[in-house]
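Given as structure tokens, the chain that follows is alone and in the form predicted on its own.
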């Protein structure tokens, strides 16, 4: 019997898990995929929002600025990349200046610090590649950028090191309420827990509806993105928004913490919660709309595109709390933007609910620190040489585009909750994320995974399931 069972190992679930690992509780996380952060967390804008666009009085508004303020310390404790680069909301029509001022006042009401309106001259001085059509902008210096899955790995590894259990490829099929708590049936077995926390992303309505007559409905909202090569990564320094519409914050242009440029997303409501396809019309649309923000779209430098799904609800707010007709079942549902920014506070908020219910003792031995994978490219020459002398695998470059070494890949495999797939290596190290998009290094990564996991090369997958890259030999050994 577990004290707490968390459904979902996205950024929300692992943030909750880390907070609960501070206490003498038996906690586990069930994840239907083979790895952490394989849902919404792996495919979003990677923005740490300042908090000016959330409607005052909503949970989004209450949690955003507070979550934003936690990132600097969290990035140090958990060793993930984060930069407070600031954000701009562009106004293209002087008739909309009142709307811009309303956004500023709303942000101040939400507790956002340092907001100001910039005129065109100040705007162009700050970002010379912005479109000539911009007449003013709201500047939010507290806006930031982060790598969402790197942050999730940090949260999860730290939770694991502090005693949380993780069970992957466990898809929840049924949940039954009992006097003792809940019985959770998955495709791999049965688990029992006093409390259940639903952090299942776009599938969180399905989990809720297994136990409650108060039905939820999650509408998956598709957002498509284009990733640009690092040669244009400094085209803008700030995260560039456009004045928001009822469909969201509009198409943004932003640098990433890894040095690329990112454009997107659009917002299309769909029915299929597993549809991650990109469309030519969608990609054309985001590039066209982003061209309103910057002078010349560097389309020649696009190296990848991807799609993410957001968990939208008609309430247009987070749904966090105990279900009234299923005591002990706590929802953390509808966590769309700014969910990434709010995730550390959501973790604390749900932890406080659990502590109030179970009254556990705090651990004296909780360790908040996690050390990430040493990035070879970020070290100075002396540290690189010392690392190679200690482990010669760091002298063997596997991914030339990103200069990722075999030592980094080995660390990704053998660290807590290590990588088991090609994409797992990619998200932990960036091997395959560069200009050639794994065209040269994928086979070498596959060989390392086969060797280290002691499985045939034909069993190595891209992202789990049936995503195998090899089916057999095209020639018999001679």
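Positions refer to the first chain, counted from 1. For clarity, every value in this text was computed on a predicted model and none was experimentally measured.
Same protein, other form: the form predicted in complex with a small molecule, not shown, and the subject of what follows.
Though the small molecule is absent from this view, in the model of the complex it lies within 4.5 Å of a heavy atom of just one residue from 196, 91, 88, 199, which is 199.
Scanning 449, 46, 65, 412 against the small molecule in the model of the complex with a 4.5 Å heavy atom cut-off leaves one residue, 46. Using a 4.5 Å cut-off to the small molecule in the model of the complex, each of 32, 39 and 341 places a heavy atom inside that distance. Segments offered: 386-394, 333-341, 285-293, 352-360. Contacting the small molecule in the model of the complex at heavy atom distances within 4.5 Å is 333-341. At a distance threshold of 4.5 angstroms between non-hydrogen atoms, residue 9 is in contact with the small molecule in the model of the complex. In the model of the complex, at least one heavy atom of residue 170 sits within 4.5 Å of a heavy atom of the small molecule. Although the partner is absent from this view, residue 265 contacts the small molecule in the model of the complex, with a non-hydrogen atom inside 4.5 angstroms. The small molecule in the model of the complex comes within 4.5 Å of no heavy atom belonging to residue 238.
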